[in-house]
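Before any questions on binding or motion, here is one chain by itself as structure tokens, the form predicted on its own.
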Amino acid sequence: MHAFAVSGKGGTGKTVFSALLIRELTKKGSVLAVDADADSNLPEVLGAEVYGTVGHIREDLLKKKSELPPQVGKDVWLEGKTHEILSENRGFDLLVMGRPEGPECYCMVNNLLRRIMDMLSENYAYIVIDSEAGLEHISRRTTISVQDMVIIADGSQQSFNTAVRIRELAQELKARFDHMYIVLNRMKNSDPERAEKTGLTYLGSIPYDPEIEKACYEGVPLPEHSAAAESVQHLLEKMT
């Protein structure tokens, strides 16, 4: 199983990149798509239905843990609930973290998310995690077992600053990524030298794509064929 995580400053296009990466990987093998952003958008761009979230499992667990019969272990119960919320689609399954009830709930939801991913991972050739914008996914240790981290930047200095902070925090937490890449998105002209100054490996760029912008504006699934999708295909070839 090979796992990818996608991160970056909010608004840089990480969810679109995640969706395009998922579609490309389905051509190679089975994929578990994980929307680990509380502000969930991955189902929409993939055109997938959501039947429940990890946040909902947390609420059920808190309500029913004292009611579970002794012969029913929490892991057995968790496995059953996971299959209830897992969205099965053509070539990929989707798991959505959802929005916890409050800031203090993140730890429990992230712990559940890690346990569920560990439980499911052996069933898939690939996992793609659409992480929270910024640094939360690393500081909460939700992507520590990922091989490839891809950070999306849009050319703004703020997006490059976020990329640097993600790299520094990953080093501080001793996150064991095999590779940490940076991808430039929606830029008229790529700027490899500026990207490489972040200390990350420059993977390539994705051009501005009006078809992608139109789909996002209308809130419909991404088109099957686009210039952006073709670019992601080439970037995946570099990674694999």
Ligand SMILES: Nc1ncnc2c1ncn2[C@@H]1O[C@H](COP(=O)(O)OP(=O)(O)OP(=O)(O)O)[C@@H](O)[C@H]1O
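Keep in mind the model is a prediction, meaning the values are calculated, not measured. Residue numbers here begin at 1 and follow the sequence given.
Although not depicted, the form predicted in complex with the ligand is the subject of the following passage.
This chain is displayed alone, yet in the model of the complex one of G52, P207, P43, G204 has a heavy atom within 4.5 Å of the ligand; that residue is P207. For the ligand in the model of the complex, the listed stretch (196 to 204, 181 to 189, 54 to 62, 25 to 33) containing residues with heavy atoms inside 4.5 Å is 181 to 189. Though the partner is left out of this view, A133 does reach within 4.5 Å of the ligand in the model of the complex, counting heavy atoms only.
Using a 4.5 angstroms limit between non-hydrogen atoms, I212 touches the ligand in the model of the complex. In the model of the complex, the ligand sits within 4.5 Å of a heavy atom belonging to G11. For the stretch 33 to 60, the set of residues having any non-hydrogen atom within 4.5 angstroms of the ligand in the model of the complex comprises only D37.
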